[in-house]
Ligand SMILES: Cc1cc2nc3c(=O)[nH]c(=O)nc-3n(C[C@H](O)[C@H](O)[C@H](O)COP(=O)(O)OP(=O)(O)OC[C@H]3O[C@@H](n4cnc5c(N)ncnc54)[C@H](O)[C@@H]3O)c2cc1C
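Taking the form predicted alone, here's one chain by itself in structure tokens.
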């Protein structure tokens, strides 16, 4: 099947793209196109206009400043996968990038596009939640910053206004004693997650958990935080028993659905296991000696 006919615009600035969003009625944004193009091809989406933002060079970056890791709207999954900065300092991002689909998709698909797609089986939303990240959007009234906690509403639905362009994702620069990790269960290479868990731990000078973030994939109607498990961890010393209970709490708070790949009980057990593994790796990357969390 071929896509329905549409008009295509290729703005070269964010302002031009936002102006098009404001002036055109039935339009869709094209960045990496790994979700949009199949939807166009099978006519699941039949917009009158496609706004291709790939010529906006100012959105193509992956960089760190004093406060934030900033990921522009045109940064590809492969950019994250190949980044020395990510490999050195952002464990959960380094874990996630090579698990996204296959190399062809990672070479074209964008991290921001995946977030905007808001598929509950997508990996990046959980990482953004675990890191207490933010979404930056540009609209007719200027820039708006949306905390990740407030971004995801329903499957494929977010708080992004229809006239806003997602321009950047950002997460705080890691503290000195911070570590993060992501673990995912999938049937085979290239599949979406059956379940996934992103964990981020910040330790204080005494070795206790000062802050904890856990984001879950594919076990609710959106990517969600495991807030009960986070609360259980904070103020405590990392250890296998603590992580075991955190995994149980994360599983209890999840709401997976049974499908052809596994029933809900199985997925809850996987949330438990994946969360424990992610927490153990995050603790190790925060500087904790691994044998201490495996006792």
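Residue numbers count along the first chain shown, from 1. All values reported here derive from a predicted model rather than from experimental measurement.
Unshown form predicted together with the ligand; subsequent notes refer to it.
Contact between residue 254 and the ligand in the predicted bound form is not found at the 4.5 Å heavy atom cutoff.
Residue 185 falls outside the set of residues with a heavy atom inside 4.5 Å of the ligand in the predicted bound form.
Of the heavy atoms in residue 77, some are within 4.5 Å of the ligand in the predicted bound form. Of the heavy atoms in residue 229, none are within 4.5 Å of the ligand in the predicted bound form. Per the 4.5 Å heavy atom criterion, the ligand in the predicted bound form is contacted by stretch 114-122, the sole one of 80-88, 172-180, 197-205, 114-122. In terms of contact with the ligand in the predicted bound form, the residue from 190, 155, 147, 142 that brings a heavy atom within 4.5 Å is 190. In the predicted bound form, no residue of the candidate spot (224, 233 and 275) has a heavy atom lying within 4.5 Å of the ligand.
Contacts between 140-171 and the ligand, taken as any heavy atom within 4.5 Å in the predicted bound form, involve 160, 164, 165, 166.
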